[in-house]
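The chain below stands alone and is given as structure tokens, in the form predicted on its own.
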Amino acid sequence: MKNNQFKSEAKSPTSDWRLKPAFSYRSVIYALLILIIFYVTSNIWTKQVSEIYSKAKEEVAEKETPAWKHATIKIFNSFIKMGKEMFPPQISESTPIEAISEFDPQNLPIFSKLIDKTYKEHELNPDTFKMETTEVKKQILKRPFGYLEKVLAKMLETLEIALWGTVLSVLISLPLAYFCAANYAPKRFLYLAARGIVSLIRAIPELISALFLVVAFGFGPIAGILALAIHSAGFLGKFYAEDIENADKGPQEAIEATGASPFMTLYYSVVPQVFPQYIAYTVYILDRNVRMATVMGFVNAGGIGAELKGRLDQFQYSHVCTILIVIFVTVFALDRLSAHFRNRLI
């Protein structure tokens, strides 16, 4: 009886049903546009690949080895050579005592010891005007975990930059989000101005803004903190505002019916809805800022990036390996900690 009733209420027989196709003509057009864009922009990397191939072809002009094979072997050999130089990672650090200010041999750092080491120095003889090699003995302070301690201290500074950058970005983005929400902005021109500010600070990469801030504040972490805060505020302001606009209208209408002001309506009906998502956005930005803070040192804006750039410039890949391991462990630990915190809070 029930089955007959359901059949009679059906709008059309099942033979007339049509499934939505997996691909429409719009999907095909979009795919073609994407392929065209990739084709037009492919010269960015194909030009360099062509240069590598041409150089390899010149090197093997008198040999029987194909150019593509020679280029491939050369690239792989470069990776293998770099990999061999990266391991084992550099943990210890040796420093001549004359390079240490206020050195006290009676108060050595823990686990460290003094050793004598012979160096070869090349000097110009003023009488013969020839380079002469002499052996010089120097006392060296060897710290078994000296370089690891240095990297950990730099990583701690990087975490501080990311943390303060995130805190400042939240403080900046909250008022921007209020004016960026079309349903709560008091005036139209305030809405447009806030949207323009959010778009502007989001469009400028952190490294570019850090370059200008380094000029203003000098070398150090302040420029890195402000660069991360400004750029992150653009993202958070946009995300926060869109959640306010997409919040359920029912609770808002109920609060408005009591005569509450727009701000009170936002506080009592919208904030409880969007708060869990705000936490997720903020934790993601913190995780992103930790990764971005590692490269702030490339423009002298503090953090571990300066140490990483210096070791790369000197081709000290064992030191680079230590830095990369510390960065990976820190980012992984922060990811686990943020996931635990988010689950407990939400």
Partner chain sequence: MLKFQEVSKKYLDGTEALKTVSFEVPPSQFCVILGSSGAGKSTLLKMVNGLISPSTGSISVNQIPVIPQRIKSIRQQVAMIHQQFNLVGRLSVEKNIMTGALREMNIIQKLLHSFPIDLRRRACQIMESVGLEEKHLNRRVTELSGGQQQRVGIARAFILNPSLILADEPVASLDPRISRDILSILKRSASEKGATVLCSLHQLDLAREFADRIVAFKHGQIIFDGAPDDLKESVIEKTYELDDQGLNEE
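Numbering follows the first chain given and starts at 1. Note that the structure is predicted; figures quoted are calculated from it, not measured.
Omitted from view is the form predicted in complex with its partner chain, to which the following refers.
Of M264, I100, A182, I75, which residue is found within 4.5 angstroms of its partner chain in the model of the complex when only non-hydrogen atoms are counted? It is M264 that has a heavy atom within 4.5 Å of the partner.
So which of I255, L207, L159, L174 gets a non-hydrogen atom within 4.5 Å of its partner chain in the model of the complex? None of the other options qualify; the answer is I255.
Proximity to its partner chain in the model of the complex (heavy atom, within 4.5 Å), stretch among 213-221, 130-138, 271-279, 145-153: Answer to the contact question: 271-279.
Given that its partner chain is not shown alongside this chain, does V167 nevertheless sit within 4.5 Å of it in the model of the complex, heavy atom to heavy atom? Contact with its partner chain, no.
Quick one: is P251 in contact with its partner chain in the model of the complex, heavy atoms, 4.5 Å cut-off? Judged by the heavy-atom cut-off of 4.5 Å, P251 is in contact with its partner chain in the model of the complex.
Against its partner chain in the model of the complex, would G259 count as a contact residue? Criterion: heavy atoms within 4.5 Å. G259 belongs to the contact set for its partner chain.
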